[in-house]
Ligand SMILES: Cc1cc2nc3c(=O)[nH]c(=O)nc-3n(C[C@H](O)[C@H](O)[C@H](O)COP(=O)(O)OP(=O)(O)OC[C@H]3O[C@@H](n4cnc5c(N)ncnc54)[C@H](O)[C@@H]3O)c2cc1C
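Take a look at this single chain in structure tokens; it is the form predicted alone.
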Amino acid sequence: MSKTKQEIYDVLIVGCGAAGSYGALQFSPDVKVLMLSKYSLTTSNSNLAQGGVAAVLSFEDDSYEMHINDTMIAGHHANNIEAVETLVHEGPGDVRKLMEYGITFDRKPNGELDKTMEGGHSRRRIVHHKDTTGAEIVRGLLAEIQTRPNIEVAENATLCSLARVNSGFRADLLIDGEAHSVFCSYCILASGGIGRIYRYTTNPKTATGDGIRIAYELGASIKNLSYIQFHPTAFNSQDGEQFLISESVRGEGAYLLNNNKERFMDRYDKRLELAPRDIVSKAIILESRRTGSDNFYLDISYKPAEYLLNRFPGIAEGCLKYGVDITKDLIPIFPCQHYLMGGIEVDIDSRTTVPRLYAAGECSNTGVHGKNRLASNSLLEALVFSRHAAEDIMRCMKAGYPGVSAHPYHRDITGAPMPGNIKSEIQSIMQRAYFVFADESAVRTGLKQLENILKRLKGSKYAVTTEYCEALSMATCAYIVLKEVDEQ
């Protein structure tokens, strides 16, 4: 990006994961797009996605109705049925579009797509690229973006705030630590989730809820932010950083064991290891209370070693770093924060309640997931609804809606250094108050603590840095989450 401080764009996209990148590619060559990546281009939840993309790509033993039904059951029928139907009916077309971009999915020797199974699915409908599907999708999308002259990409770019101006927005940015302001006629927030409000999460460092905080400050409706998915099987490394053991490991036959090395899911759900994620996570917590132990394991060592190393190379490598050989050993696991089902409320075209502001991907709430996300529906949602956002913006532009104009603007980002413990303080509050199950007393105490943190952040003259913006986002999102939990 050039150093000009008052540049004008048709569309600003905040985030470079599946939703941001796929959305950017839907615009015609005459639309000037700026896409922001807070850190490197591959630092996103999308890039870490292991399992795959769920889509009905053939009707031999599957149907749209079955996929819709599985999604509704997993979401406890709290889903928006219109959004679910849109996802399931349109999603296969977007998956085929990925293949046109050169993104590859695993195939059988006869050339057919090799589909896998995950918890909550009644059919094998998940296409994957070994156990690094997200990385392959992000790679292919970013490669395609490099061929599009109308798409400009800014790395190490933090969106600090967004202000409404005539026919659009002024975006206040930090790029490599320097202050910039750009103007855009439309904005798509595709900034990912809120996982870093927890100490234990599978999410990367980008997931601090920035887009949600910015939408909230603009007056956009935030819906069901307390609908947080705790994945049942994160590697239990004891060092704070968690990595996911994909649901597809259980889909391919792994057993879930307690501290006595016994299978136990029959006590909690007839679907056993293939019950939806929220049920398995709750079962593990209840079983830990029953046994008095936090030691749980996945066992897939009975499968042939060659098969495991070919099917799950990323997981095998990650486990080996901790001395665990998945072909021989039990994999230590425990639930941790994984995914956000709520977020910025949007309609079927990804429009927020603020004119010209859109949201897609994990930061949005389309209603697709209900109270619990069905495995491998998230990448599909990112594709379908980021495309909807782009298509709606294109319709507005063709209708002749006026575009934004720049105006001189200066902001002061200087100030005192922010105390270094604020982020960890927020994480401690959330771990105590709302991890799988809510603790009523800790929720109320946490709300008061978060109110004080927000007062400190907003009332003090701290330097505006990426660290400060993230702390403000984390505190805002954590407060909204606990407020919702307290009111339930």
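So that there is no doubt, residue numbering starts at 1 and follows the sequence shown. This is a predicted model, so every value here is computed, not measured.
There is also a form predicted together with the ligand; it is not shown, and the following applies to it.
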Have a look at Thr352, Asn79, Asn377, Thr116 for me and say which one sits with a heavy atom within 4.5 Å of the ligand in the predicted bound form. Asn377
Contact with the ligand in the predicted bound form for Ala24, defined as at least one heavy atom pair within 4.5 Å: yes or no? no
Should Tyr462 be classed as touching the ligand in the predicted bound form when contacts are defined as heavy atoms within 4.5 Å? no
Closest heavy atom of Lys38 to the ligand in the predicted bound form, within 4.5 Å or not? yes
So in the predicted bound form, does Leu48 come within 4.5 Å of the ligand, heavy atom to heavy atom? yes
Note: the ligand not shown here; in the predicted bound form, the stretch from 106-114, 199-207, 254-262, 412-420 having heavy atoms within 4.5 Å of it is 199-207
Within 186-205, which residues come within 4.5 Å of the ligand in the predicted bound form, counting heavy atoms only? Ala190, Ser191, Gly192, Thr202, Asn203
